[in-house]
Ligand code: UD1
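One chain comes next, on its own, written as structure tokens: the form predicted on its own.
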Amino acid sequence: MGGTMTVEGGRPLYGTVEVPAAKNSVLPLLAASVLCSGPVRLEQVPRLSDVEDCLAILRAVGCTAVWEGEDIQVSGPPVWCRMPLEETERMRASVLFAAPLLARLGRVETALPGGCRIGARPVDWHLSALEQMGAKVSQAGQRLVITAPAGLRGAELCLPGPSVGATETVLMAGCAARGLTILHGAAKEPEIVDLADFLNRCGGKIDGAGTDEIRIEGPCVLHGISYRPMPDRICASTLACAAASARGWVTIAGCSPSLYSPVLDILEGAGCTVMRGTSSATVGRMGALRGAGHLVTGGYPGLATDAAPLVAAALLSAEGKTWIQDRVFEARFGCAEGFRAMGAAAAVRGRTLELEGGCPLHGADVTARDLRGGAALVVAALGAAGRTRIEGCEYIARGYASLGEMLSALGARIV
């Protein structure tokens, strides 16, 4: 996907689309592969820019990381502790490589990770957990230096909040640490369960993933496996919201509706027809939508923060008001500027996006400011009359390998 996308709105969507593997699962799995003594093969991985950055990090520390068709093969132990600055600074998930590299080499040099500009996402919870497990953290210029020459040790930890990334860091560190690690206040997202399943199948001893208390018996000798990551529930949410915005009848296959049921519940309450199967959902919309009232994001199984802009985009023209409060990031709704350019009555007050509803949308020139906000502009453009030109689509490419192609296969007109 290039830097610009043009969407001709007003065309309903029909057909079936398969959900790819989850970006938010693939990235921690690539980091966890560093802990494995044998080759790791991740199957059916989408070609995302964040995935490519992870492969660059693996290669920079001495691992072999190659595409084999639609799969990724990672092998060889890391030999260098210094992570590349460019990829590290560009991607938030780069912090996930700290724990496995520290466990294998006793030292890791990294930079403060970057990502989308949706608010502060400090790594201090990751670093604090590692320090409680025996690591020492210092700063040298642009780099963070983390050392554990005597190795990591098990500890009883309590996170200040249910951070997905910090929970994943503790899972990986705990597998390498001596003794029992108990994590209180863990995040419960399905991607954490997927990481724990991967590590357990490699030889780990993790119990409680998906609950707020996780126990890890270490140290574990992990071997390589072939593994298929879980489906992308945020991509599934995007497709559901696209069907609601554009109208039509779309079946979203290969992803259990339970993984994104809050989105489906909201769309159904707003007037869409939603039919749920075991591993698929069908979303249809023919008539007008209703505003959803007050919505609040939260940890799983609540409304995912990543899905909030997408739901907003589907409800821009609904009859009645919608308020969406995001409790995770203070700048989640940078897409509101683009919504207004398309004719929506959208205002951001603090962490809350307020939609007046009832406004017909028209095409406009807009700019993506972040990954999910960019996808939300595409969703809104599908329901707008005329042509919308979206700049900044490199953000969208961080989380969607072929969003334009998927939507075009359903009948959208996208260049």
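Just so it is clear, the structure is predicted and the values come from calculations on it, not from any experiment. Note that residue numbering follows the sequence shown and begins at 1.
FYI, the form predicted in complex with the named molecule isn't displayed, but the following is about it.
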**OP:** Spell out, yes or no, whether the shortest heavy atom distance between Phe329 and the named molecule in the predicted bound form is within 4.5 Å.
**Re:** yes
**OP:** Check whether Asp194 has any heavy atom within 4.5 Å of a heavy atom of the named molecule in the predicted bound form, and answer yes or no.
**Re:** no
**OP:** Give a yes/no on whether Leu102 approaches the named molecule to within 4.5 Å in the predicted bound form, heavy atoms considered.
**Re:** no
Original post:
Though only this chain appears here, would Leu58 touch the named molecule in the predicted bound form if you measure heavy atom gaps against 4.5 Å?
Top reply: no
Original post:
From the list Leu35, Ile390, Leu355, Leu27, which entry has a heavy atom within 4.5 Å of the named molecule in the predicted bound form?
Top reply: Leu27
Original post:
If you check Ile72, Ala93, Ala98, Met230 against the named molecule in the predicted bound form, which one has a heavy atom within 4.5 Å?
Top reply: Ala93
**OP:** Could you tell me which stretch in 321-329, 250-258, 202-210, 104-112 has residues with non-hydrogen atoms within 4.5 Å of the named molecule in the predicted bound form?
**Re:** 321-329
